[in-house]
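In structure tokens, the next block holds one chain alone, the form predicted alone.
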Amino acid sequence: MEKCKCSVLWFFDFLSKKWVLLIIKWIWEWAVTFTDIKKYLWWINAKIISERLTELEEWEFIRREIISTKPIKIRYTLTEKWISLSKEIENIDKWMQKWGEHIS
């Protein structure tokens, strides 16, 4: 069996960071502002949310859009890059449904 490339491990390490997938889920279901995310995920420190949003933007999984209102708002949406990845994650979910019954 071929060894996993470091980039794959690095990628899964990022996805498994605390709150990353929960933040993505919230953005997936609603195009939201930072305030919306903080309100819904009230138990997560605002600094951590901000760090995760920055990381997700650096990975190009989310897009940050400035809305010219008073006060100015920033809305986050998922990118095509994330949407294409989510299809692969669905395949992993299907694999788990078939083969992962003993994992709890």
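The first residue of the shown sequence is 1; numbering continues from there. Computed from a predicted model, the values in this text were never measured in an experiment.
This next part talks about the form predicted together with the DNA, which is not shown.
**Message:** Check Phe61 for me: does it contact the DNA in the predicted bound form (non-hydrogen atoms, 4.5 angstroms)?
**Reply:** No, Phe61 stays farther than 4.5 Å from the DNA in the predicted bound form.
**Request:** Using a 4.5 Å heavy atom cut-off, state whether Glu51 contacts the DNA in the predicted bound form.
**Result:** It does: once the DNA is placed as it appears in the predicted bound form, Glu51 has a heavy atom within 4.5 Å of it.
**Request:** Spell out, yes or no, whether the shortest heavy atom distance between Thr33 and the DNA in the predicted bound form is within 4.5 Å.
**Result:** So Thr33 counts as contacting the DNA.
**Request:** Look up in the predicted bound form whether Asn45 has a non-hydrogen atom within 4.5 angstroms of the DNA, and give yes or no.
**Result:** Asn45: contacts the DNA in the predicted bound form.
**Message:** Using a 4.5 Å cut-off on any heavy atom, which residues of 65 to 80 would contact the DNA in the predicted bound form?
**Reply:** Read in sequence order, the residues that approach the DNA (within 4.5 Å, in the predicted bound form) are Pro71, Ile72, Lys73, Ile74, Tyr76.
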